[in-house]
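Given as structure tokens, the chain that follows is alone and in the form predicted alone.
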Amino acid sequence: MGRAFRYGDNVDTDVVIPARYLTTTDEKELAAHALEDLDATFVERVSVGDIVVAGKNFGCGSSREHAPIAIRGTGVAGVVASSFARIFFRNAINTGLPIIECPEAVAGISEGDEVTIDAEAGIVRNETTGEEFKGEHLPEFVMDIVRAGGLVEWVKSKGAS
């Protein structure tokens, strides 16, 4: 369970992680600057298990994998959005960031609400209001990639077996 950090529509990858920080792929360094051009206090306030909640087309813009890596590095449990830009959607899977597409949850969650997500089932629960929402759940083989920590880790685990 974590607090909801709410953002609007069309949050692009340039505000998720500004281009000036793309000289590294270090997750902790990227996390230190996550969303700073959109919410300068995000990294100071975010805690492990918190949830990013956003409107339509989250992660639009460039195809950089740095964006989901930066978000994952902050320790958030995942991102719930009305919709995701397709490249961000795929990059989130590739980097092991849990995501749930659920417009009803976005409409039913306010900034600071306590939220629990079950990415495997596509369930979002607003613990503050007691409402539960059923979003899109990812297929089992895709969740295997997310659970492994991303595509590279999943491939490594397959090579070991």
Partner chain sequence: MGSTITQKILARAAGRDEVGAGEIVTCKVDLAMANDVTAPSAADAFRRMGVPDVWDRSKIALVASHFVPAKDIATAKLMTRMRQFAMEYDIEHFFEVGRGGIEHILLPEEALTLPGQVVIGADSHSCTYGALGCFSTGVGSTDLAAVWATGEIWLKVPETMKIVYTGVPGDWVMGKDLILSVIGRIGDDGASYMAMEHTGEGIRHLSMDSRLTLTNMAIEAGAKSGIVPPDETTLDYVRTRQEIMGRPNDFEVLASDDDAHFARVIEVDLNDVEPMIAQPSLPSLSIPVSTVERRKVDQVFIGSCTNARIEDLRMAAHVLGDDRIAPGVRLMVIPATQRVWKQANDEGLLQRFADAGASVSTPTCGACLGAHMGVVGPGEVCVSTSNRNYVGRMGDPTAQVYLANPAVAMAAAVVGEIVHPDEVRNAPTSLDPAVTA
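For the two forms, the rigid core is made up of the largest set of C-alpha atoms that agree within 1.5 Å on superposition. Residue numbers count along the first chain shown, from 1. Just so it is clear, the model here is predicted, and its values are computed rather than measured.
What follows is about the form predicted together with its partner chain, which we do not show.
(message) Exactly one residue in C60, I109, A31, A119 has a non-hydrogen atom within 4.5 Å of its partner chain in the model of the complex; which is it?
(response) Filtering the options by heavy-atom distance leaves C60.
(request) Give a yes or no for N94: in the model of the complex, does one of its heavy atoms lie within 4.5 Å of a heavy atom belonging to its partner chain? (result) Within the cut-off, so yes.
(message) Please determine whether M1 contacts its partner chain in the model of the complex, using a 4.5 Å cut-off between heavy atoms.
(response) Because no heavy atom of M1 falls inside 4.5 Å of its partner chain in the model of the complex, the answer is no.
(message) I'd like to check something about E114: if you look in the model of the complex, is any of its heavy atoms closer than or equal to 4.5 Å to a heavy atom of its partner chain?
(response) No, no contact at 4.5 Å.
(request) Answer yes if any heavy atom of E127 is within 4.5 Å of a heavy atom of its partner chain in the model of the complex; otherwise answer no. (result) E127: no contact with its partner chain in the model of the complex.
(message) With the partner left out here, which residues of 1-15 have a non-hydrogen atom within 4.5 Å of its partner chain in the model of the complex?
(response) Heavy-atom contacts to its partner chain in the model of the complex: N10, D12, D14, V15.
(request) Note yes or no: does the Cα of V142 move by 2 Å or more between this form and the one not shown after the core is superposed? (result) Indeed, V142 is displaced by 2 Å or more.
(request) Indicate whether L22 shows a C-alpha shift of 2 Å or more between this form and the one not shown, with the rigid core used for the fit. (result) Comparing forms between this form and the one not shown, the L22 CA shifts below 2 Å.
(message) After core superposition, I'd like to know whether W154 moves between this form and the one not shown (criterion: C-alpha shift of 2 angstroms or more).
(response) W154: C-alpha displaced by 2 Å or more between this form and the one not shown.
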